[in-house]
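Structure 1 and structure 2, given next as structure tokens, are two forms of the same protein chain, each shown alone.
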Structure 1
């Protein structure tokens, strides 16, 4: 079956062949753009490899090297990388490699889970606010303005005195305190989209509100959601590190990259690898998330497609 269809040129009267294979959707163009973007693909590759290593490698490393994440051996403290240990030891003689792997598992879990929860909350509330408008929108915006006027650090201090800052509690707290910015973006986009002709046509044929929001509006804000998801995950890595510095993050002996970096600041001279390694992993991970977010932003921008 031919993939071309003849068209009549209005000026010259000559038939023009339209290649249907060149007609692609926004998502197909975005995929082609990302595949051709070497920097974004490199960041995706590094992030996927790092995630797989942190989630799958710890049991293997423990069995092969005979180490334990919380086993202390004071006689071997501050060993440098290669001195009997792949990445050295900390101030208690604990193997730094296995602690970095477990710490990465928890830090990445917090980033992924909290960013997903944030996006779900922000998208749901933003679509409802923008679609219904009126009093519903006023109440939601009032709540967002009230919540953003309270310093997040103050709320985290209160929460840390009530609940122990375990990874699960920290995920919920970060999600509940971090959805407002993305919600505003989604709401603004929905206010624009709901005035378009196809939305008005859906109203005219009697489509229910939930179907319009899910089938017609949500796909059109998905690009914003994906970009926000990538950027928020990187931000949350930094937030977790900052909270650990303030003593509000996950508490030792449970390792995260944030608290490992914080606890090593007193040993920069005697154990510089304790500062460099977790700091380097945080930097690489956050940079990858930002590069991915930037790549998706360019890929999902129709003006960047030729």
Structure 2
């Protein structure tokens, strides 16, 4: 359908029309696809807004309103939402809205930083394993199999007791224990890519291995990398909140969405909002990341274009 249209126009003597049907690259196509995909755009918007609020609100709260996030007010404990506080207060009378924003800043920073780090590790190891194959590949695959055979939470539990984590340490731990799945994906893709003619051609003209990996293979696994980045960020929010919930992640009084739920068993009667809200924010954020990941997958997979 699309191939005949410019030809007709050309024969009708309107060469300008040709320019209007520019050849779009995969990325331009993907971009157009995402912009038209309402669900993905909605998820992106929610995530961007949530991130901006969580990152911009704390300085405003501190400097303009002069409120301390850890300020306790015993008289105001267990206030319900609306009762003088937009989202109520916790068992120490701390403002839940402010704590949710601060918690969001920590949880989202960990998710963004750790997923980036995960992806960097996964992509570089995956490309090396897939490209070189042989012994290098065997060793890397053995290592991945070993790590993935241990229920991941066990390793995280142990590692977080050994290095009782600050947010920075937690980011490194999560990245070091979470790269295996994406690495397998990248490696699989690289193995098929490296048999293509243009890679053979690059070898033939004597391109060094690093240049083939960086210039010819990396751009071709980029779509997998971007999809995994979104999905991994969602998974990492879940893992971090689980760890913090158990009391093994970021330590109080620094709030994260996970550790705000740690003692929530005691609030079932007095403060149900303390149980519902942090979890709801975790769910919404993870949902956004997953939907964005799905949207990217649809947009970047040429077969899904109708």
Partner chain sequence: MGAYITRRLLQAIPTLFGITVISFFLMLAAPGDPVTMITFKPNADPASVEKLRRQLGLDQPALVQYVYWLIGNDWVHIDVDGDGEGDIYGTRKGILRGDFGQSLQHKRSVGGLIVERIPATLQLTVTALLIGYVIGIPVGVLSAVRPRSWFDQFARVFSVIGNAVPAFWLGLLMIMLFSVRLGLLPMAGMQSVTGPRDADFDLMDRVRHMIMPVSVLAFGTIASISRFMRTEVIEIMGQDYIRTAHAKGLRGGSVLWRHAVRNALIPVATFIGPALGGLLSGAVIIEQIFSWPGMGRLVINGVFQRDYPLVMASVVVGAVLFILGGAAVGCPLWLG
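Here the structure is a predicted model, which is why all the values come from computation and not from measurement. We call the rigid core the largest set of C-alpha positions that still match within 1.5 Å between the two forms. Positions refer to the first chain, counted from 1.
Matching each structure to its source, the form predicted in complex with its partner chain turns out to be structure 2.
Comparing the forms between structure 1 and structure 2, the C-alpha position of residue 204 differs by less than 2 angstroms, with the core used for superposition. CA movement of residue 161 between structure 1 and structure 2 equals 2.8 Å, with the two forms superposed on the rigid core.
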